[in-house]
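This document starts with one chain, in the form predicted on its own, laid out as structure tokens.
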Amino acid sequence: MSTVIVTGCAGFIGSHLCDRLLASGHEVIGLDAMTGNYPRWMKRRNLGSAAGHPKFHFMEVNLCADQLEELVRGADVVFHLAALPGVRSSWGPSFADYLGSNVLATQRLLEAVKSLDAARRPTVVYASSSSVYGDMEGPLAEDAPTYPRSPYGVSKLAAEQLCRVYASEFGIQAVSLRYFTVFGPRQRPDMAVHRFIRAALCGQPVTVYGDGEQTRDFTYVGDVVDANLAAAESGRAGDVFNIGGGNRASVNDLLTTIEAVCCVTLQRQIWPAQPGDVQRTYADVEQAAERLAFRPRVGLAEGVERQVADMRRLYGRQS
């Protein structure tokens, strides 16, 4: 890699990826629409390290409307992380926004890559989601049936399928990574680990949907960055990989970990389970281990400690 594009560069995972790429000497073009799904000051903070780097070039771009052909020309890799996130908010009229941000944006990006001469097309690494599977009884490999339980999951699967057909029909080097419950510093404020830690730091109660025994395969953001870099180097057209952290724990286990790290006792408010919330996720990462040499390195407690430290700084400087 020499020149790379990161869409969604001001987001949680995208900003970490930019920092790693810049530290490795790459020229990074960061694209982000800076949508209002969470505060703009948080997104600017995410880019705090990258913004002052001489090899970082930021552009505020709408993938659904702006011209993309010239943007991708000359890039070696496009890491496509831009998306509208959120399971619970994807129901109802807002699904039109998910179709645009997650499906149409991906199709337009792939069309832009297709428009280039075959020898000059960049590799595309697409950020998919474990939400494409739905509920999981045991560890699922990539060839397991996909039964998303939310419109968000449907939109991520549709974009993943677009990557597959552009790979098979036009030879575009598109690789999809199915992320499992990513956490760590800079996590979006609507995500559970962020909400729970914020409550612990502010002395507020936490809302738990369901009985708290639903389990997730928690994956530290730095390990996800490792997977992206490996996919760009070793992935093949049409590949799909699970990216899980091996930190399988229940919501109650997570809360206990946060209480221990923050030295508090959290008051829990129990609400009914929400539509689209799955009971468990569990990644089989054998293929990523074999093909990408992917080995998650950060455990749940260590990752929570790092996120707590970052959030102490985040909310201490909000004003």
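Values in this document were obtained by computation on a predicted structure and should not be read as measured data. For every residue, the number given is its place in the sequence shown, counted from 1.
Although not depicted, the form predicted together with a small molecule is the subject of the following passage.
- Taken together, the three residues Arg44, Ala50 and Gly222 lack any non-hydrogen atom within 4.5 angstroms of the small molecule in the predicted bound form.
- The stretch that touches the small molecule in the predicted bound form, counting heavy atoms within 4.5 Å, is 182 to 190, out of 226 to 234, 182 to 190, 112 to 120, 162 to 170.
- Proximity to the small molecule in the predicted bound form, taken as a non-hydrogen atom within 4.5 angstroms, holds for one residue of Leu266, Val251, Val61, Cys262, which is Val251.
- When the small molecule is considered in the predicted bound form, only one residue from Gly238, Gly86, Gly246, Pro151 comes within 4.5 Å through any heavy atom, namely Gly86.
- Interface membership of Val103, defined by any non-hydrogen atom within 4.5 Å of the small molecule in the predicted bound form, is ruled out.
- The small molecule in the predicted bound form is approached by Asp277, whose closest heavy atom lies within 4.5 angstroms of it.
- Of the heavy atoms in Val208, some are within 4.5 Å of the small molecule in the predicted bound form.
- At a distance threshold of 4.5 angstroms between non-hydrogen atoms, His80 is out of contact with the small molecule in the predicted bound form.
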